[in-house]
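Only one chain is given next, in structure tokens, and it is the form predicted on its own.
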Amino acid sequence: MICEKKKAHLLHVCKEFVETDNIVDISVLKGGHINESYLLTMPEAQYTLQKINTHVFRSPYGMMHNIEEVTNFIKKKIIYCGLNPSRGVLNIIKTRYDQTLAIIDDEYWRCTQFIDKAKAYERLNEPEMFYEMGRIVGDFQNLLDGFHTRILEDTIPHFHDTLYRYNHFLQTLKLDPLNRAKDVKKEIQKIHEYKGCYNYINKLIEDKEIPRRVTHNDTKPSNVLFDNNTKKAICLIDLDTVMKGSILFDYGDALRGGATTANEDETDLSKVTVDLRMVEAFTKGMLSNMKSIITAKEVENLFFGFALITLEVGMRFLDDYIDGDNYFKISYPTHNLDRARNQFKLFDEIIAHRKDINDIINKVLVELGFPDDYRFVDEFTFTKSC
């Protein structure tokens, strides 16, 4: 229930985007953890109204620039293919002054068309749906083939720069504001052990061994819309973190959250391992839509991306725990520590299943008819020296 004072403020904001006399209802949209979201119901359509969290997104216009450029590019391709652009991509509603954002009382607001008869899921338990998620991540890349990444702004600098994250972690250790480091020496040692690996993917990009691509950077099930009737994936949503990067991070992050047998904060670590069925489903879905654009070097490093992003996220959880829990929302005092230990256990399981995962990738490559030079000849080992 929205109080009258809040509703009056929302109607004031809505004037920038729509004709308020036609609004039938305004309700709170739950599920988001960063931006404040509302559903506007009008006779002809529904819209999502959001207040941007500028503590997280320090450059709201830069963020909207990226979203607008990417969605416009995708929309043109969807229309050219004779498909429905109102369901295949996020559609921005401009202000009456043709802007992507409205600034009201120093708050940044945006409006997008709500995609109805579709749903996002916090967790996918069926390989068939995880295949669909992989397919839509691959489709996102395929649709953006030819888009020049220099157009995009780095709205969150160093977002997937693992070496930068490690150096930040070292600074946190020096400060140790709550004297917590002494109790997590084992976890700290694990992070130190793999420091030689942290710049590997970014160096591949810098040396032009793999392409710099447009990446979503938050590939989790709740950021994929599925059609209510067909259960087919429709499109990626929550494009706030769209920037330039590597498909290896999007692949790895999707598996980190979707190919694990336990929730991210599960404390019984015996329950945490890799679900190989889900690895195969997502890999097959993604590669089926990237066959014409993914490079052999990217395929060679898919496993590495899965391992590295898992270790990076664990490092970020531990960093935040030692720093006093200032970034990630917590439900109890050791929540971030439990998350970190969970991710480190998952990382160990990924390494232990290295051959199984690479065999799955090879199997998928054969099934999809990839050229022979895309096959793994030797096992690629995530070592402590890389």
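We number the residues from 1 along the sequence you see. Superpose the two forms; the largest set of C-alphas matching within 1.5 Å is the rigid core. Note that the structure is a prediction, hence the values are computed from the model and not measured.
Omitted here: the form predicted together with a small molecule. The next part is about that form.
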| item | value |
| --- | --- |
| Residue contact check: Val313 to the small molecule in the predicted bound form, 4.5 Å heavy atom | yes |
| Residue contact check: Val28 to the small molecule in the predicted bound form, 4.5 Å heavy atom | no |
| The small molecule contact in the predicted bound form: Tyr47, any heavy atom under 4.5 Å | no |
| Partner proximity in the predicted bound form: Lys220 to the small molecule, non-hydrogen atom cutoff 4.5 Å | yes |
| Segment assignment from 274-282, 251-259, 146-154, 199-207: heavy atom within 4.5 Å of the small molecule in the predicted bound form | 251-259 |
| Contact assignment for the small molecule in the predicted bound form, among Ser246, Thr162, Thr241, Asn301, heavy atom within 4.5 Å | Thr241 |
| Listed residue that, although the small molecule is not shown, lies within 4.5 Å of it in the predicted bound form (heavy atoms), from Glu187, Glu264, Glu107, Asp139 | Glu264 |
| Rigid core superposed: Ile360 CA moves 2 Å or more between this form and the one not shown | no |
| Ile351 C-alpha shift between this form and the one not shown of 2 Å or more, rigid core reference | no |
